[in-house]
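Below, in structure tokens: the form predicted alone, a single chain.
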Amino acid sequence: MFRRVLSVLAAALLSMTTIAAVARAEINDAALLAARPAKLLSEYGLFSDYANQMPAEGVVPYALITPLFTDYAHKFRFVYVPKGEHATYDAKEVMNFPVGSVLVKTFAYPADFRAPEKDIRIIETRLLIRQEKGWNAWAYVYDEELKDAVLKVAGKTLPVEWTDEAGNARSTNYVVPNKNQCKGCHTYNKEFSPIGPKARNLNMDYKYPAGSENQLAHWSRVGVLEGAPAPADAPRVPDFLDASAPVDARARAYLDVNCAHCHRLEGPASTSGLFLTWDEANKTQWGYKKRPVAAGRGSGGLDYDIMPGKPDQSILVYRLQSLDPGVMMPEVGRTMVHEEGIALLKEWIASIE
């Protein structure tokens, strides 16, 4: 079974390089604010070591409790806020990041998921940069030596192979998105916006090189964030794989991060009437016996988004387990079915009365 090992893996990579390496990298704030993106990732100065994903001083690693699924890729996340600036806390939405901030996400595949700290193939790093006119997104694909990464505005497709945690050989054609594809998901109130770094998905311990600490507390302590309450007073979603948590909460957390950036009142799929945010209380709006707004082959001939007690008669499951470009959801960001996610949603729907 697929298991997330992101903070442990990131900590292992961080420990492979020295503190001296950190000091050699300097953030290029001017490049981050420039209208045109840098051709090479190195021009921003965000990393001191690409092969080991060693961030520059002031760039803070983080992880999400329940992450977005992207063809089983492992992800290394980092945040940078300019010196003297702070993101402000938001209890419900993404933190309010100041101009010059960057959210960094690197996608990688260990050769064998049973040994995730070894033989890691790093594919790309995506940047979300908060500029004067709003957020901008750029994708950088690494060279074979992992000495740098090159801007790919038009995207790219790369074959990837790995062994999963059950020992099975897996492969896919990994898709680096183009500029317009990024906008398809990263939209909130018609403006480009990040998805992941919300309080409820950050409120957990992370294994930093100096030791474990709650991420909200750490961000506050190092000056990345201001206005955050004590972690015990902040919202928190469960890990979708945590079998000790209620299945309803796990399923809602999964839908919140994988689907709700579009399926919400303020999102691109608002006309569907299907709202999958964590705090949506209206049963019909999160799918319970809800008929689709526009019937068609996307519904698979089924009547309801969620048919209580019958996952295989639910449009939600039908679309999430499809690979047909005219049916599948999400529409971009995956070429594979997330087996663990589908299993959870089926268990959840089967439990609904």
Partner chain sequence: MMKNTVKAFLAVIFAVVATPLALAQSVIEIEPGEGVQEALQEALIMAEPGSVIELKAGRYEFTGGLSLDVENITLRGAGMNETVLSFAGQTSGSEGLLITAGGARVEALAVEDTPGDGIKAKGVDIVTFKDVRVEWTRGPNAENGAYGLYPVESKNVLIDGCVVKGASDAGIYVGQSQQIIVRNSRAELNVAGIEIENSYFADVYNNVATHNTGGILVFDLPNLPQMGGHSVKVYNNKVVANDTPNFAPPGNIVATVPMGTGIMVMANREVEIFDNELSDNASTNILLVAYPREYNDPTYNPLPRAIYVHGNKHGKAGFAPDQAVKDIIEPRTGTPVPHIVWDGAVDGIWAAFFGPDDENAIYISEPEGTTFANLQFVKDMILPWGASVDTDIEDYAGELPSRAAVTLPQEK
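Numbering follows the first chain given and starts at 1. What you see is a predicted model, and the numbers here were worked out from it, not measured in a lab.
There is another form of the same protein, the form predicted together with its partner chain; it is not shown, and what comes next is about it.
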Does each of 147, 159 and 174 have at least one heavy atom within 4.5 Å of its partner chain in the predicted bound form?
-> no
Classify residue 91 as contacting or not contacting its partner chain in the predicted bound form by the rule of any non-hydrogen atom within 4.5 angstroms, answering yes or no.
-> no
Determine whether any heavy atom of residue 303 comes within 4.5 Å of a heavy atom of its partner chain in the predicted bound form, and answer yes or no.
-> yes
is_contact(residue 83, its partner chain) in the predicted bound form, heavy atom dist at most 4.5 Å = no
Although its partner chain is absent from this view, report whether residue 196 comes within 4.5 Å of it in the predicted bound form, heavy atoms only.
-> no
In the predicted bound form, which of 306 to 314, 57 to 65, 44 to 52, 285 to 293 comes within 4.5 Å of its partner chain (heavy atoms)?
-> 285 to 293
Note: exactly one of 212, 96, 131, 270 sits with a heavy atom within 4.5 Å of its partner chain in the predicted bound form, namely 270
Exactly one of 28, 321, 70, 299 has a non-hydrogen atom within 4.5 Å of its partner chain in the predicted bound form; which residue is it?
-> 299
Residues in 154 to 179 with any heavy atom within 4.5 Å of its partner chain in the predicted bound form | 154, 155, 178, 179
